[in-house]
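Below you'll find only one chain, the form predicted on its own, shown as structure tokens.
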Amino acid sequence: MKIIEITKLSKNYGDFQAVKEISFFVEKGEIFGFLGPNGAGKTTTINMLTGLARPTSGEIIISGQDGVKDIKKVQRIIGIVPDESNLYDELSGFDNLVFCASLYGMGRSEREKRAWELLTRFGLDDAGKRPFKAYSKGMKRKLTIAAGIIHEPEILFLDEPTTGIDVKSARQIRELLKALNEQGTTIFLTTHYIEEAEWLCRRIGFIVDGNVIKVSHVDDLLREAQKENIIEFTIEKTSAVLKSSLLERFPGITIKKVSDHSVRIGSTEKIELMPFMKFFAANSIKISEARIIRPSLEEVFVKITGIEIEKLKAENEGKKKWKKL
């Protein structure tokens, strides 16, 4: 069952088109990942879906409601966790949650009970009376998620939920999101951590330059990627001459330089190791290791978008630093 349906959705800022007639859907009860580089249109899309930005054109249907004309009705059944916290530094964790609950019309006893329930669930009960500004980055992120679900929404939108926090807190947040989903919450998240998307998401959409270029199940993406056979050789030194020589000797293969001392050979056909070993020996190139590579979601992302993972991470970390200036 589709809980979010997007049809030819666009957003223009003057002459610049940030999102270009995108269409896709999210199924009820799934965790849907939205992946793309900085400036691709991820946050703009979330802002349109949550009513923080008005579309230039297109349709949004969320849980049967018109997400453009009836956005106030939609906002009652969704939770939003932005990439930067929107909570109040001077208020305690408890008071922040109680205040957020009051915005949804919850009675005093109900909102206080719910606030302590979430503080306990997120491991923040000991810090519940401390001011938000005294929290660590990981604690702040957990409280921001707690605030987003204070009213028990049908759908939770998260923009980069684990960026900039420590490994332990990131793992705890992923486990919390899994638990929320298992209890029936539909989750729509953006992330530039491909391994996070692979671990959490059922389906993934790729957006580049405002265009959604592919939406598919994670299992299907990995199955398709694993049709390619890959062997990585660790050698003395890679070079452009080596690459051209390999392509001349083994037509039909793909070659990717991983580092100055490793190269990956790919082919849709089975790769026989010995011909390559003989080639390297004949060219006086010493091999220290040869290993089979199982394609990951990172490989799929690079192949579909043409964007290297390290570049994606650098762009997003740069975005975070810029926001702090």
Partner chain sequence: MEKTLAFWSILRKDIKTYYLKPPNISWGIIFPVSWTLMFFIRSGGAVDIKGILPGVMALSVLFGTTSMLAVTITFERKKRSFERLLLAPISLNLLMLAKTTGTIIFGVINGFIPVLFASFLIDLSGINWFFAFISVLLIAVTSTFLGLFVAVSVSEVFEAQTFSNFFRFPMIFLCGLFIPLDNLPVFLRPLSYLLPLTYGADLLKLAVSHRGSIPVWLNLLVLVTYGTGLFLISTYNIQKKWIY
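Numbering follows the first chain given and starts at 1. Treat the numbers as computed from the prediction; the structure is a model and nothing was measured.
The protein also exists as the form predicted in complex with the partner chain; that form is not presented, and the subsequent description refers to it.
Segments offered: 221-229, 206-214, 70-78, 243-251. Contacting the partner chain in the model of the complex at heavy atom distances within 4.5 Å is 70-78. Of the residues Q172, T186, T162, T144, just one reaches the partner chain in the model of the complex with a heavy atom at 4.5 Å or closer; this is T144. Note on the partner interface in the model of the complex: the residue among I287, A53, V258, I293 having a heavy atom within 4.5 angstroms of the partner chain is A53. Within 4.5 Å of any heavy atom of the partner chain in the model of the complex lies no heavy atom of A179. In the model of the complex, the partner chain lies farther than 4.5 Å from every heavy atom of W199. The partner chain is not shown here, but in the model of the complex it comes within 4.5 Å of a heavy atom of L87. Within 4.5 Å of some heavy atom of the partner chain in the model of the complex lies at least one heavy atom of L91. Residues are counted as partner-facing when one of their heavy atoms sits within 4.5 Å of the partner chain in the model of the complex; in 92-121 these are D95, F99, C100, S102, L103, Y104, G105, M106, R111, in sequence order.
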